[in-house]
Ligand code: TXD
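Given next, in structure tokens, is a single chain: the form predicted alone.
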Amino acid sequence: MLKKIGLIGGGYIGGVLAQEIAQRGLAREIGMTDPAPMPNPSDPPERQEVVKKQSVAIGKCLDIAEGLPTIGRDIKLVGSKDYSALAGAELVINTAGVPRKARPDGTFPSREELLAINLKVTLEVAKGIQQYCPNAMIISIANPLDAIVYTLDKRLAPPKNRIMGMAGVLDSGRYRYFVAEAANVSVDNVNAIVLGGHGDDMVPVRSSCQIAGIPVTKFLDEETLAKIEARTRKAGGEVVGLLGFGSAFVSPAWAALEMAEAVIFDKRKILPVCAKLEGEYGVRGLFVGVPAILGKNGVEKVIELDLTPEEKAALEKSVAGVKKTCDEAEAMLQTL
């Protein structure tokens, strides 16, 4: 159990994180920060005053706190509209960002517009961490994942083992679920891993996919596996399309908590995480999804897999996509 875990963002993912951390007893204190709701300058002054007194973070913390006697947990929850709720956090999980949603006219913001907006948010996140918990370990969930964790690293310059992005656990979980469903076996039996960036070029590694230690190709044919791998790459969009708003939120929260528990309990568990590479897989200076040992020191070792020629080529393509997004982020940050 940690003394304190800080949560940046009180939306759907942040809410699941807070209630799960309380239920699992992972920290003695949870601090949640979120500026929402924010007054609209065009609203009447009296309406703006009402909104100023409202707080998603404080409200969610109070709701969870009032349920603690029911689940028998003695945990303190603190919410704030600024970053003060993070004070003293040993671990921070960042979910802050604007989801890609339709405008009133039905059009969607471009990828570049969304990146620019979320980079501005990330700069504020970095300031908040630097002010209130500069030594905290960081797990970042916010999208675009690879560019956001890269930006946090550039602004905060923590030891490389103490900052990581959550994507691989989620993407690999989706891959495992689809394989288990198709093979009609328990999800516990499926081992699978997804490498690369958190996007359409992610790499489900078929050569490492096993069911109870047996190669997946003994259970599923080429056509079925190809469809599963394609579905894995688009899985986030599939959820959004069905919901009609926001993004997936329970599975990302659980994935981040699997990483957090590996750190909190020093499990030295091998998990796919977005880690900073310094020569592994031929990559330097970028955050890319790779298998790593997670323990009390964070990312303790990156593991290099033996990939097939096709998988190597796919990973190179995915890394190129990550670099492109990070280069775009660097250029935008010069103007922010």
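Each residue number is its position in the shown sequence, starting from 1. Not measured: the values here are computed from a predicted model.
The same protein also has a form predicted in complex with this ligand, omitted here; what follows describes it.
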**Q.** this ligand contact at I13 in the predicted bound form, heavy atom, 4.5 Å
**A.** yes
Q. Is there a heavy atom of M164 no more than 4.5 Å from a heavy atom of this ligand in the predicted bound form?
A. no
Q) Does T95 make contact with this ligand in the predicted bound form, using a 4.5 Å heavy atom cut-off? A) yes
Q. Quick one: is P99 in contact with this ligand in the predicted bound form, heavy atoms, 4.5 Å cut-off?
A. yes
(Q) L91, D153 and N297 - do all three of these have some heavy atom no more than 4.5 Å from this ligand in the predicted bound form? (A) no
Q. 155 to 163, 212 to 220, 248 to 256, 175 to 183: which one contacts this ligand in the predicted bound form at 4.5 Å, heavy atom to heavy atom?
A. 248 to 256
Q) Just one of L145, A192, A260, A85 has a heavy atom within 4.5 Å of this ligand in the predicted bound form. Which one? A) L145
Q: Could you work out which of G67, P35, G59, P39 is the residue within 4.5 angstroms of this ligand in the predicted bound form, going by heavy atoms?
A: P35
Q. Quick one: which residues from 112 to 141 get a non-hydrogen atom within 4.5 Å of this ligand in the predicted bound form?
A. L114, N118, V121, E124, V125, I141
